[in-house]
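Before any questions on how it binds or moves, here is one chain, the form predicted on its own, in structure tokens.
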Amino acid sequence: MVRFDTVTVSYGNTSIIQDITFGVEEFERVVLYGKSGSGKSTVLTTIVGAHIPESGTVYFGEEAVNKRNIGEVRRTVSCIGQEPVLGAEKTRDALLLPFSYRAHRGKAPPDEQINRILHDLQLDHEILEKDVSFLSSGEKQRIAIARALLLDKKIFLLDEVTSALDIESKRAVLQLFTSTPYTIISVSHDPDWFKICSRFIKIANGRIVEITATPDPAMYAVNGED
């Protein structure tokens, strides 16, 4: 589904990730972890073309990601960070913003579908009338997730997506991502998130140093992000 083959990304003369090689199969849920500045978030954003590798190749399916197909990658993948940019002043407008674009025009979801997804994410329908500036970080994250679900995304790149959630909201997000088979590549240090994932990739100084099928106890003590 997604594969890195000896990928190096640099800013100026500084390498942010170096010789990264790993693959994620369809419907797998994978965690990237490591200390702040280790390169985890750069791995996620490189998948959607935010960085051009200095060397190596990122594959999506069987094709190398390039200028020709990056649009298709972005239409398939949802990348949600700790503080999503929702792109509108009103929450309703932000939720429906993608449906104003040519690729999705005429495909706006019915109110019933919107209400069901908001309910599943522990969000009241009234949130749609709020200004985005008054939303909490956790609400912004869940609105971004709701928007991706309405767009029928199947692959999620999630950067500490449960970090700003209370217990009930987090439980709703975990339930959502386990009740339907999605492919997920995530950055997280949340023990509850670890429980729904099957592979754990440790990154240090821009390199993969370990890939395991069970959480490393050290993961629980690592904090901070790229």
Partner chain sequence: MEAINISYRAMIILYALITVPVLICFFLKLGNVKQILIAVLRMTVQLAAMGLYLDFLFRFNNVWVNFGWVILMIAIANITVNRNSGLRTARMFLTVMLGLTISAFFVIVIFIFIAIRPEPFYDARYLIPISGMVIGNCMRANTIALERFYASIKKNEREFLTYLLMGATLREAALPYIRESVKSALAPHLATLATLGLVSLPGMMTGQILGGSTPIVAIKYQIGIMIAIFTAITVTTVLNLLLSLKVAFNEYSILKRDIFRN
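Positions refer to the first chain, counted from 1. This structure is a prediction, so every number in the text was calculated from the model and none was measured.
There is another form of this protein, the form predicted together with its partner chain, and it is not shown here; the text below is about that form.
Enquirer: Looking in the model of the complex, any heavy atom of K67 within 4.5 Å of its partner chain?
Expert: Close contact exists here: in the model of the complex, K67 approaches its partner chain to within 4.5 Å, heavy atoms only.
Enquirer: Do K90 and its partner chain come within 4.5 Å of each other in the model of the complex, heavy atoms counted?
Expert: No, K90 is distant from the partner.
Enquirer: Is there a non-hydrogen atom of K140 within 4.5 angstroms of a non-hydrogen atom of its partner chain in the model of the complex?
Expert: No - in the model of the complex, heavy atoms of K140 and its partner chain never come within 4.5 Å of each other.
Enquirer: Does the 4.5 Å heavy atom contact test between P109 and its partner chain in the model of the complex come out positive?
Expert: Result no; P109 lies far from its partner chain in the model of the complex.
Enquirer: Could you check which residue among L176, A50, A164, C197 gets a heavy atom within 4.5 Å of its partner chain in the model of the complex?
Expert: Answer to the contact question: A50.
Enquirer: Residue by residue through 142 to 175, tell me which have a non-hydrogen atom within 4.5 angstroms of its partner chain in the model of the complex.
Expert: Sequence-ordered list: R147, L151, K153, D159.
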